[in-house]
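Below, in structure tokens: the form predicted alone, a single chain.
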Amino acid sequence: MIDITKLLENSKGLDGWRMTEKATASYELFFVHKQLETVRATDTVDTSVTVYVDHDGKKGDSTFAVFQSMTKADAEKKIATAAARARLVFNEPYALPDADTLNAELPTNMKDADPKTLGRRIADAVFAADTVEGGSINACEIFLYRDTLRVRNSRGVDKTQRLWRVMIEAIPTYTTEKESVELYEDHRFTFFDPAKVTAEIAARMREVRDRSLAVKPAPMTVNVLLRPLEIYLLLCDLADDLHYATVYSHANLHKVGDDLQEGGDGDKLTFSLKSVLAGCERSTYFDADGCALRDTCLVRDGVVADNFGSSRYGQYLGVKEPSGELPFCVSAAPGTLRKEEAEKEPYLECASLSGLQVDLYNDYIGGEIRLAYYFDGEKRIPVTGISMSARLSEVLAHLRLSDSVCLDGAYEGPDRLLMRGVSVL
């Protein structure tokens, strides 16, 4: 492969460049029921180059892909074309990250594992959950990845990081004489814990059984408990509103100092975005520009504490030390809600939603519930075919957060969030 960095350095008319290389080696297993049908190994490299041109008091950029089959002439033509396109882009000026180097590995316990052995152990952990009578795991796909990401630029940035990660896709199924019900399970991690994998799949096996038994309840107004995935999605929506780019474009609803829980009587909300979260495949030491990342507390005790975003938009806003484009690795502080307190009133615990819907501008939170458990004070009843809706401002003002915490994918924090007085239809 040609040395494209030399061509970039010698190209006239450029005021900067950035090159990103992502190499991924994978080992993949495909099961039908418990029978291993296919094993596949892949090794890919994706390379892209962004060129920058300063013109007319503005900064333009353009990106192109680099292929191993490229000749020197091909690459020179791509660079020239990208430079011409960059002159048609009129962004406000900003500086690229300064010289910095890094060669690091993200935390994992799978670095030295043999892929074949590890893949088999993961499969054993998945199928150990297949214990529900009438249930089965119809299909399972296991993907083991080793990613190597390198970012370089014209100002001396040269950073490399390696990440080991696993993705499991499984189809838990429950079959009766009348019907067959399936759920899709997507489980990702960078630390392999066999017991945790088994517990996660086992929970989905029970839920697919319960969904086949679920009934549609009468309309009600009730307390609703959200699980980690939905808590994560809610906090991500709040975080989106606090991005530098959102603030710069005047599209943000909240600003630093605003009280998101004004007049409230619930637990105070505190959460941060982190660059590295144990077990989270989104973890990264630097962003796409090669900028070092700074963990940032966005909301503290219910009050907006900070914004976050890329160096470019941070510069536009005059931020002295931009956070960098943090991944959505969310860390939230626990609250005071104990299980015994939650059970003093009936509640609906959401197990599966079609997707949590949050609209900050219309003060709305809701969603279609595929499976939930209604606790009537004595027993838990599986229910389905319903939807919920509430005013987001009221939810935030009166929310309760569990005192028990969990680590689930890209989220660490309370494992339950209680919303009061939600309409369920």
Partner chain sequence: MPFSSYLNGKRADCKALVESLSKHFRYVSILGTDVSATVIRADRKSSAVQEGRGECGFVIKMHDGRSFFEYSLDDISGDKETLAARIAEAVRTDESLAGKMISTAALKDEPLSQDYARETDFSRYSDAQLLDICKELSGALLAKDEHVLNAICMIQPYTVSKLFITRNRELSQHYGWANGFLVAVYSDGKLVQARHVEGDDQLSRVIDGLKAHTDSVIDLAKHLTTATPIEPGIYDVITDSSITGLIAHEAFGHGVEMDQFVKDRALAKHFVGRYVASPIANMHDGAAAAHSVASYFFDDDGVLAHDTRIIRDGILEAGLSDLASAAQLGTEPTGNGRRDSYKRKAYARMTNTFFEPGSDKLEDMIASVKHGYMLFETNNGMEDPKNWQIQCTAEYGIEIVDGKLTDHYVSPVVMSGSVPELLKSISMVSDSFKVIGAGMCGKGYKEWVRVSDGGPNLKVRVKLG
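C-alpha atoms forming the largest set that superposes within 1.5 Å between two forms make up the rigid core. Bear in mind that the values here come from a model prediction, so they are computed numbers and not experimental data. Positions refer to the first chain, counted from 1.
If you look for the form predicted in complex with its partner chain, you will not find it shown, but the lines that follow are about it.
Chemist: Given that its partner chain is not shown alongside this chain, does residue 253 nevertheless sit within 4.5 Å of it in the predicted bound form, heavy atom to heavy atom?
Modeler: Output for residue 253 is yes: heavy atoms within 4.5 Å of its partner chain.
Chemist: With heavy atoms only and a cut-off of 4.5 Å, decide whether residue 64 touches its partner chain in the predicted bound form.
Modeler: Flag for residue 64 set to yes.
Chemist: Could you confirm whether residue 393 comes within 4.5 Å of its partner chain in the predicted bound form, counting heavy atoms only?
Modeler: No, residue 393 stays farther than 4.5 Å from its partner chain in the predicted bound form.
Chemist: For residue 339, is any heavy atom within 4.5 Å of its partner chain in the predicted bound form, or not?
Modeler: No, residue 339 is distant from the partner.
Chemist: Counting only non-hydrogen atoms, choose the one of 179-187, 290-298, 103-111, 262-270 that falls within 4.5 Å of its partner chain in the predicted bound form.
Modeler: Contact-bearing stretch, as computed: 179-187.
Chemist: Would its partner chain be touched by all three of 14, 93 and 154 in the predicted bound form, meaning a heavy atom each within 4.5 Å?
Modeler: No, none of 14, 93 and 154 comes within 4.5 Å of its partner chain in the predicted bound form.
Chemist: Quick check on this chain: which one of 78, 204, 243, 159 has a heavy atom within 4.5 Å of its partner chain in the predicted bound form?
Modeler: Answer to the contact question: 78.
Chemist: Who in 362-384 is close to its partner chain in the predicted bound form, meaning a heavy atom within 4.5 Å?
Modeler: Stretch hits, in order: 362, 364, 367, 368, 370.
Chemist: Core-aligned, is the CA shift for residue 30 between the shown form and the other one 2 angstroms or more?
Modeler: Where the cores coincide, residue 30 still shows a C-alpha shift between the shown form and the other one that is 2 Å or more.
Chemist: Any CA movement of 2 Å or more for residue 182 between the shown form and the other one, core superposed?
Modeler: The answer is yes; the displacement is at least 2 Å.
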